[in-house]
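Shown below, as structure tokens, is a lone chain in the form predicted on its own; questions about how it binds or moves come after it.
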């Protein structure tokens, strides 16, 4: 019964025209970034290295290696993962509220399935939709950029300088980053899912979710000591950007980066654990509320 219900939910999601707004938005943004850098990569290079140009000299060979598919994908991830919570909320926020708005929620629960199982099916369907978005991004942002710009060693710009990751040591880092992004976006999906249980139409949950993401993101990025010690560690948005840690590597005594290393893996895993905890908490509260919800009114 579970797999039958899941198939039905996925068909509902992918039959809605607005579902493909997210896929179209990703393709457009990826394409625009790739085209802009393809035809004006030098200006982008100069902009990124503006703060370091006074301390280092960069020859043409370095510039050629700098602009490659791995870097372009990193730029795209930085851009899209800020916008994708809205795309995820479009579906998760509609999961329960959409059924209530159309008057089909009561009919759906007449099937021989518990409310908890019904919630699990809905949430898993939203998770699969999120994975589909990330797979599309991986294909066009990573593989597409590798095809257009080629591959080389990856340059990572940090506040204290430049790190160079060997070409053979990059791809697995992207796989890890996309996996982490899946958990981060599922956290947003869980929030929208919770609001969807509380609402009678999908507009409210979508707006509420994006408002929370916006406010929490601003608080996460504010460099105020009071917030650093009290609020930031508990905001899920503080931990959604930890995927970048997969590209921060250790170096030996001579300053050469160590293949396969991650500078602060415990911090990444701690952030991952916090996000997973948030997912279970939000989904658990949503299920508890839904089990007590009066669907006859």
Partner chain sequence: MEKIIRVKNLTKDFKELRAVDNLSFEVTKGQVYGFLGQNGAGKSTTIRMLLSLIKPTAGSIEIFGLNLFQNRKEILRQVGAIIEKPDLYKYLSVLENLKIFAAMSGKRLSTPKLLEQLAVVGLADRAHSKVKTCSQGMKQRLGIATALVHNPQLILLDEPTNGLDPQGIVDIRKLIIRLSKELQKTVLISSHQLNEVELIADAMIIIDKGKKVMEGKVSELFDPAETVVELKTTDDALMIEKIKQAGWQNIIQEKRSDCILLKLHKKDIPSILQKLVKLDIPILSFYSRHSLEDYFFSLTSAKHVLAATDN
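Predicted model, so just to flag it, every value in this text is computed and none were measured. Positions refer to the first chain, counted from 1.
Beyond the structure shown, there is the form predicted in complex with its partner chain, which is absent from this document and is the topic of what follows.
Residue 113 belongs to the set of residues with a heavy atom inside 4.5 Å of its partner chain in the model of the complex. By the criterion of a heavy atom within 4.5 Å, residue 171 is excluded from the residues contacting its partner chain in the model of the complex.
When its partner chain is considered in the model of the complex, residue 225 lies well away from it, no heavy atom lying within 4.5 Å. At the 4.5 Å threshold, heavy atoms of residue 146 stay clear of its partner chain in the model of the complex, well away from it. This chain is displayed without its partner chain, yet in the model of the complex the stretch 103 to 111 from 103 to 111, 205 to 213, 191 to 199, 135 to 143 comes within 4.5 Å of it by heavy atoms. Along 1 to 23, residues 1, 4, 5, 8, 11, 12, 15, 16 each place a heavy atom within 4.5 Å of its partner chain in the model of the complex.
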